[in-house]
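What follows is one chain in structure tokens, specifically the form predicted alone.
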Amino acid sequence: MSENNPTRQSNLPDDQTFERQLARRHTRSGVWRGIFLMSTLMGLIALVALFGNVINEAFGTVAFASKLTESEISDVPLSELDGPALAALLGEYAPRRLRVIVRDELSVVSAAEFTTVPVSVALAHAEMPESMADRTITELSDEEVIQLLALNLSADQLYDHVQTDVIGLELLKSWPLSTTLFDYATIQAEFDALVEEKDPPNPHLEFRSWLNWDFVTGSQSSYAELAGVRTAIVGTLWIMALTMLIAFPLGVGAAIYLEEYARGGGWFDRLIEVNIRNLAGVPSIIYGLLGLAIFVRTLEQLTSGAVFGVTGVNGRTILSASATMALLILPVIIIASQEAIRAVPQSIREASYGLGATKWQTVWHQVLPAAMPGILTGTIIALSRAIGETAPLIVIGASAVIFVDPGGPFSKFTALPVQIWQWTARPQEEFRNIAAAAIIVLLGLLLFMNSFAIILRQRLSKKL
């Protein structure tokens, strides 16, 4: 037939032209394949470098030395002393730690407020003489602070503080894991130089994992070797839980409206959809400024809990942080939910209508369950972004130093990203070590949350 149709035959390339075109296609394909492989390789290298650097800082060798010996500070064994005597030892040998101990053990306000509010407010649950109630902690003498400690801390607690703040180990220097494994001679030489220069009592080297159970369950401290992230973990979990409760129903509801009810709608619906897609690319700090203006200041009576009878708190609470983070991830959830709903076959809707179901019954019982795996995927991506955001939380007033675990949506708070930022800003090397350990905790928390959501998504997919 081709012989009788010269027009069709002339449209086909000859063998040489065909081979040249095929070779060019293979060349272009090879170039793009190489670019994709190179991009993947660079991404893997960057990921390995990131994890390698974090692990390198989270483990290593540390030089410790004793501050004092027990016999140097007391003729009587410390275990036989009562609370007032132990508090007096703290005042004699660690006077700079007195107010820090009061803040860590007894304060119910943030570190910034601790030195400015009256003692009766800062230590709301503590026993104290009436003469101290209306003064700030900085206006109290050392003797009065010692009296506060003796009244409110047990002998066992004071004994632990004497062991830590007076007798305990002093961190001289830390070295990363890479130096420990490949250049231990340098560590030994620097350690010998430190010992010769400072001549501390009982100096020694030990391998230390900055990531341990005490670090996960401990509270914040001005000593890197004693600091923990429990308060930051609790704050992060509170924020993520409330963010999910606010953003998920709003995002899915908006997506249902745009896809099922406003499809082919007027200019207003199109304007909403365009703005939602634009908002997904807005820098996170802008959301922080928006949250500061709306939730912290304008709605302070609500976010502080004043309308529910909560007192002594301003609008810089977990509720404000959660509402701000919900705004941040809302566009991502809406867009992902729209795509998931759009992917549901039209035949499912038509079959539901054919059986007499209403519009809402079709959406609720047929479309939404079929789209739920895709919706959860978008939600996972959105929450993964939210859990690592720092700028919005700093803008709305997250506390860099807080010693009280948040107990509800109207509590002061900190979060793991804020805590990591605060530690990396400190000049001491050992705070970078605990920042690396906190990064591992944050990644573990993110992995746990994502795994839970993925398992839920897989179960929903199997049911469908």
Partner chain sequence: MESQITIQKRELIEAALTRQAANPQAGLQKRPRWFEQIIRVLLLFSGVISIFTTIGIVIVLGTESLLFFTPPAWIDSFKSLEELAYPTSDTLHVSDASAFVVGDQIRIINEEMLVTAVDLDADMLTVERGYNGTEAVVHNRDAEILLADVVTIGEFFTSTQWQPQLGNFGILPLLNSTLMTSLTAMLVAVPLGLFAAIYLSEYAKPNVRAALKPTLELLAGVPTVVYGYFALTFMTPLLRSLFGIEVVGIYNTASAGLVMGIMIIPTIASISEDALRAVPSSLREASYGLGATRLETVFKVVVPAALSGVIASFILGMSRAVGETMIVAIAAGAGPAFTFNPFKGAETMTGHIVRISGGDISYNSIDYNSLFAIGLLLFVLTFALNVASRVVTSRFREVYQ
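Only the largest set of C-alpha atoms that superpose within 1.5 Å between the two forms is called the rigid core. Quick caveat, the model's predicted, so the values are computed rather than measured. Residue numbers count along the first chain shown, from 1.
Keep in mind the form predicted together with the partner chain is missing from the figure; the text below concerns it.
Trainee: What is the one choice in L181, L194, L250, A241 with a heavy atom within 4.5 Å of the partner chain in the model of the complex?
Mentor: Here the answer is residue option L250.
Trainee: Just to confirm, with a 4.5 Å cut-off on non-hydrogen atoms, which of G309, P345, P129, P283 contacts the partner chain in the model of the complex?
Mentor: Checking each option against the partner chain in the model of the complex, the one that comes within 4.5 Å is P283.
Trainee: For the chain shown here without its partner, which stretch in 226-234, 168-176, 365-373, 115-123 has non-hydrogen atoms within 4.5 angstroms of the partner chain in the model of the complex?
Mentor: That would be stretch 365-373.
Trainee: Is L355 one of the residues lying within 4.5 Å of the partner chain in the model of the complex, judged by heavy atom distances?
Mentor: Although the partner chain is absent here, L355 would touch it in the model of the complex, with heavy atoms inside 4.5 Å.
Trainee: Is the gap between G60 and the partner chain in the model of the complex 4.5 Å or less for some heavy atom pair?
Mentor: No, G60 is distant from the partner.
Trainee: Since only the chain is shown here, I'm wondering whether A189 would be in contact with the partner chain in the model of the complex (any heavy atom pair within 4.5 Å).
Mentor: No, A189 sits far enough from the partner chain in the model of the complex that none of its heavy atoms falls within 4.5 Å.
Trainee: Does the partner chain come within 4.5 Å of any heavy atom of Q361 in the model of the complex?
Mentor: Result yes; Q361 sits at the interface with the partner chain in the model of the complex.
Trainee: Is every one of L290, A436 and L446 within 4.5 Å of the partner chain in the model of the complex, counting heavy atoms?
Mentor: The answer is yes: all three residues contact the partner (heavy atom, 4.5 Å cut-off).
Trainee: What residues in 26-50 sit within 4.5 Å of the partner chain in the model of the complex, counting heavy atoms only?
Mentor: Residues within 4.5 Å: H26, R28, S29, W32, R33, I35, F36, L37, S39, T40, L41, M42, G43, L44, A46, L47, A49, L50.
Trainee: Would you say A425 moves its Cα by 2 Å or more between this form and the one not shown, aligning on the core?
Mentor: For A425, whose C-alpha is compared between this form and the one not shown after core superposition, the shift is less than 2 Å.
Trainee: Following rigid core alignment, is the displacement of the G30 C-alpha between this form and the one not shown equal to or greater than 2 angstroms?
Mentor: Shift at G30: 2 Å or more after core fit.
Trainee: Rigid core superposed, CA of G43 - does it shift 2 Å or more between this form and the one not shown?
Mentor: The answer is yes; the displacement is at least 2 Å.
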